[in-house]
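So this first bit is one chain, no partners, the form predicted on its own, shown in structure tokens.
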């Protein structure tokens, strides 16, 4: 059952087979797989639980309720980069665009050669990908509901002869409300909150919401449970009630920012010194185009199509249409000029460019800030700055090919392009990292990376930590480097794979699966809910 913090009246103690911290792309699939195998599973989620009735097409409200720091998490460094992180049942999958891409094979080959992951094979991953794509109804975006912004940009790419197409998405009968990143009001997007979590519940798992894991309990070098604090749903402050969980296996699936932060706070699993390091985030730029004709944003699928012509060089273009109040923030103007342009919002289209880092890197640190506040450092540098500029140039060229008469960028000195002359000037210019305005990123990865050498990695190929037996990490933090595409499908695949290892560990030569699950009468104050 789902148990919200408001239903908890006293401190609770539980004993289960598996305790999972986080309910997103890693935690949700793990919960389903292990619960379906007969293990008693308990999930703690710092965010609240929302359903389609709560997804009311109000972006400001969604940011406040379903995102960490109200959607204003930023990296420290040059430039400041907005890094929105979901904080709700389903994690960021509840508030992402639904793009479901397989990792490119060359990336996996690099992981095997560079990080010693010989056990991680393309054949195995493809089998898991295939299962996930069927389970999540993954299919290409439907041009009929994609929206005019997407079809217009794609027409420009096709005129230039660029490799492009429709993105695969975990959406079933999408109606094109254009609000994927604020929760799907039609229930079409097959995010973790409407797929893996309900299935896990049906197999007997429990999910505690507004419940923050504060400590992993370790005895004799083995993880034996977690200690949690319930939060007030309205304020996010501690309610004064606690949850103590004994577990035979503990899974940390809190994401590539909060997972290393929790470990650093305790000094756990860090003999390699790699916890919190190697942060990759897929820095993103955007280009906004103004047309004479009405494009009708945000109606359609916000992220429906792609241009992958230069994916081998670390540049991937994907749609990024947003509602007007968010669109205004992407324009590099204020005051009267901003107001004049926003009147023309129906005639505008936006697209995003994503960079796979090769020179840039970041870190998550515990700097002792009050509250549960990880500090994120990141510096865009070297050839990645050139990639970001190249992505903007490419998007602008595509927009002009599609018929735009103005393109607005986020690069100082080139905020407004009126045609080929301005475009060539931007292309020839030397752009510094400080020239970028309003960059964002969406896929934090790598901060507890997987590898075959305990001196250079945090977890084994099984996702179990090298240092603490029975402690598994399964989220974006274990991916050794950027996969070059949206990573949710790969994180889910890693979770499915990890579940097999945990099931094998719990079942082999030990008490029968689920024997440690408490009876309702043994748990003081166990709330009743649905």
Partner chain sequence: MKGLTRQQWEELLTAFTGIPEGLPPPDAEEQVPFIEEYLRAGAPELPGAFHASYLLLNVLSLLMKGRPFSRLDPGHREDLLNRLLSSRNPLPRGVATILALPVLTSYYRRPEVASPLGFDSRALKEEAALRVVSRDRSLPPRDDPAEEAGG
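What you see is a predicted model, and the numbers here were worked out from it, not measured in a lab. Numbering follows the first chain given and starts at 1.
This next part talks about the form predicted in complex with its partner chain, which is not shown.
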Open item on the list: Given the stretches 219-227, 273-281, 318-326, 106-114, which is the single one in contact with its partner chain in the predicted complex, using a heavy atom cutoff of 4.5 Å?
Closed with: 318-326
Task: Interface membership of residue 408, its partner chain in the predicted complex, 4.5 Å heavy atom rule - done: no
Open item on the list: So in the predicted complex, is its partner chain close enough to residue 166 to count as touching (4.5 Å, heavy atoms)?
Closed with: no
Task: 4.5 Å heavy atom contact, residue 131 and its partner chain in the predicted complex - done: yes
- [ ] Flag residue 286 as yes or no: does it have a non-hydrogen atom within 4.5 angstroms of any non-hydrogen atom of its partner chain in the predicted complex?
- [x] no
Task: Contact check for 155, 259 and 381 against its partner chain in the predicted complex, heavy atom at 4.5 Å - done: no
Task: Option touching its partner chain, based on a heavy atom within 4.5 Å in the predicted complex, out of 386, 359, 78, 160 - done: 78
Task: Contact residue in the predicted complex, chosen from 185, 84, 238, 452 - any heavy atom within 4.5 Å of its partner chain - done: 185
TODO: Taking only heavy atoms into account, state which residues of 316-348 are within 4.5 Å of its partner chain in the predicted complex, ordered by sequence.
DONE: 323, 324, 325, 328, 329, 332, 333, 334, 335, 336, 337, 338, 339, 342, 343, 345, 346
